[in-house]
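Okay, here we've got a single chain as structure tokens, the form predicted alone, with questions on binding and movement later.
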């Protein structure tokens, strides 16, 4: 297919026009040619590039990582190790997020198990936990800050 106007490119790639404009502003897409009337014109290379970015995003890569991957793909001298390094970092990030989500799930299950649904909300242990948790976190931060101020390291005694 030849040239696309922005709406046609967006529809073919399954994104909004604003996404195309954003990718242009971020330098992920080249500045397009324009018609005499000022309409942006894109080609199949642009469609392939948007599809590549979308594929990368669907796998959790950031736009910056997608930019790096695009640059590596276009390079005549880059090695696959650079792509692998980005991918391994993304895997480590995903594993950390999964662990955090698992912790959240476990906490929510514990709270749900402790909640007798038939009590008034004023006696709901989930709401009580959420209320107390923020207070505890704030108290712990203040307590830690006070301890840090009293430590010899904070006073410059130990360095």
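Residue numbers count along the first chain shown, from 1. Computed from a prediction, not measured in an experiment: that's the story for all the values here.
Beyond the structure shown, there is the form predicted in complex with the DNA, which is absent from this document and is the topic of what follows.
Listed stretches are 44-52, 112-120, 22-30, 92-100; the contact stretch with the DNA in the predicted complex is 22-30, by a heavy atom cutoff of 4.5 Å. Although the partner is absent from this view, residue 39 contacts the DNA in the predicted complex, with a non-hydrogen atom inside 4.5 angstroms.
Residue contact check for residue 57: one or more of its heavy atoms lie within 4.5 Å of the DNA in the predicted complex. Though the partner is left out of this view, residue 34 does reach within 4.5 Å of the DNA in the predicted complex, counting heavy atoms only. Residue 63 belongs to the set of residues with a heavy atom inside 4.5 Å of the DNA in the predicted complex.
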